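There is one chain below, alone, in structure tokens, taken in the form predicted on its own.
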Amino acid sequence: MSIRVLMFGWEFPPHIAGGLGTACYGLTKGLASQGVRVLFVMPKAGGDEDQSAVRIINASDVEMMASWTEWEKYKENVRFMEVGSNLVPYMSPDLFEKTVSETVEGKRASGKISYGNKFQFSGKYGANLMEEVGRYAMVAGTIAAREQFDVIHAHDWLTYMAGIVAKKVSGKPLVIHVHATEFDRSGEHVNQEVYDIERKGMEEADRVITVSNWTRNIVINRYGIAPEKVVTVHNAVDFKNSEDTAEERGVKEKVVTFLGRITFQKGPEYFIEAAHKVLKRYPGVRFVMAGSGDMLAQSIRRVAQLKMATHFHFTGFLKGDDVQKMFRYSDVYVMPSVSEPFGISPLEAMRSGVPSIISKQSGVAEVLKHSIKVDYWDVDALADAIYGLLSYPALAKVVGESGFEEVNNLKWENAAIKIKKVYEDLFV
């Protein structure tokens, strides 16, 4: 059967701040290959998105059916808040600083209905994020009333309210896709409002898709969702645009790379402590921390305290070709995440032939056989693994070549087949 999907997301390439947009892009391409037609709604489209496999609706261009009076009434029932750094999992600190420096009132002024009854979204993860989430849900109701579709698919907590409203307007089944939970982002110090939105979305959904069994267990045990309602579909990587060109690097030492948000979730402090142990045994190495986040400043301070500055480099946030270039520079890739729903970056590293070390506390550990796995907190084991790959070229060669072969079999088309089956089961 031909299936039409109304899909809600917060970002889409080339305008991305993390793995969520990349996953949405790969998934929509995979679904298109299975004959599924996707209408993808995002808060603010740039107009340069790849629409070969998807039709994009810019929520900022949607003329609302609801009047300003109705919006004011709606606002009374929605509590808005200024968000802190734990609530912006896909944003660089530079962008965060810029957005929160603007006053909430100023942002609200720009967010009011303008001519033609349209909401103007920033599409960012800024100070009035909750207000944008609420407005996005209102726009979702208008879109659901106008468009023809068979199923609703909402990605991550930012779009769950939109999915719920679309379901109530259309009566169509709702699929919630959990790429991360508040427990992944914040540990035990969860933001209650975000948790409540996540749980409400999961409860209202007809099916919940999680990116790993690691995340599925969190959804069942921490959110109280019935196990039979939750399906795991592992992520993949789109390698069609990858280039295997060699890169000349300006250093003769080996390079060990951490690439990801420098936040609690990603475990940057364990990478730094392991680096210190490795340098005592193998001084001919440089460590690179590529990314940005709310732990960047303290990470830099810790590197200085350990007197590693001449062996440690901070690149800031990388995207696009710079990410692939960094992998090609690397001899070892490390992902010591504390709680990682999936983790696409090791797949990207392995696609470049880089032997990878990942934490056992990650969803991607469920699908990778040819990577070295350690507990995120076991700094000694992590240091030993890094040292082993640096010191024994034969070991690094076997891990790198086996990993390359393995990840080339993890395709979005295979993930899309499973998700299409989830859709089809809703109509049985």
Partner chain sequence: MKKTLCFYFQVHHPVMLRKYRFFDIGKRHDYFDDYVNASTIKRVVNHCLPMNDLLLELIRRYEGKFKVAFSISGMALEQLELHAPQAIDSFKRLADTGCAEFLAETYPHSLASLSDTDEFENQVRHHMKKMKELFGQTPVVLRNSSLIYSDQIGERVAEMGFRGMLTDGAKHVLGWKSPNFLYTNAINPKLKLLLKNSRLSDDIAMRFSDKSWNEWPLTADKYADWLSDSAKESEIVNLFMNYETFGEYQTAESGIFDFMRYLPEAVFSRGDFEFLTPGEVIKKHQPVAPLHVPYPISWVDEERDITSWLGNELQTEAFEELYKVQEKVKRSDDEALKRDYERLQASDHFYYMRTKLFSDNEFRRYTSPYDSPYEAFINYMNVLSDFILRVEESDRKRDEKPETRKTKKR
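Positions refer to the first chain, counted from 1. Nothing here was measured: the structure is a model prediction, and the numbers come from that model.
The same protein also exists as the form predicted in complex with its partner chain; that form is not shown, yet it is the one meant from here on.
The candidate spot formed by D196, A226 and V230 lies out of contact with its partner chain in the predicted bound form, as no residue has a heavy atom within 4.5 Å of it. Of the candidate stretches 54 to 62, 36 to 44, 23 to 31, 378 to 386, only 378 to 386 contains residues with a heavy atom within 4.5 Å of its partner chain in the predicted bound form. Proximity of S371 to its partner chain in the predicted bound form falls within the 4.5 Å heavy atom cutoff. Although the partner is absent here, H313 sits far enough away that none of its heavy atoms falls within 4.5 Å of its partner chain in the predicted bound form. Contact check for R146: no non-hydrogen atom falls within 4.5 Å of its partner chain in the predicted bound form. Interface residue remark: V278 is counted as part of the site for its partner chain in the predicted bound form, having a heavy atom within 4.5 Å. Counting a residue when any of its non-hydrogen atoms is within 4.5 Å of its partner chain in the predicted bound form, the hits in 396 to 428 run K397, V398, V399, E401, S402.
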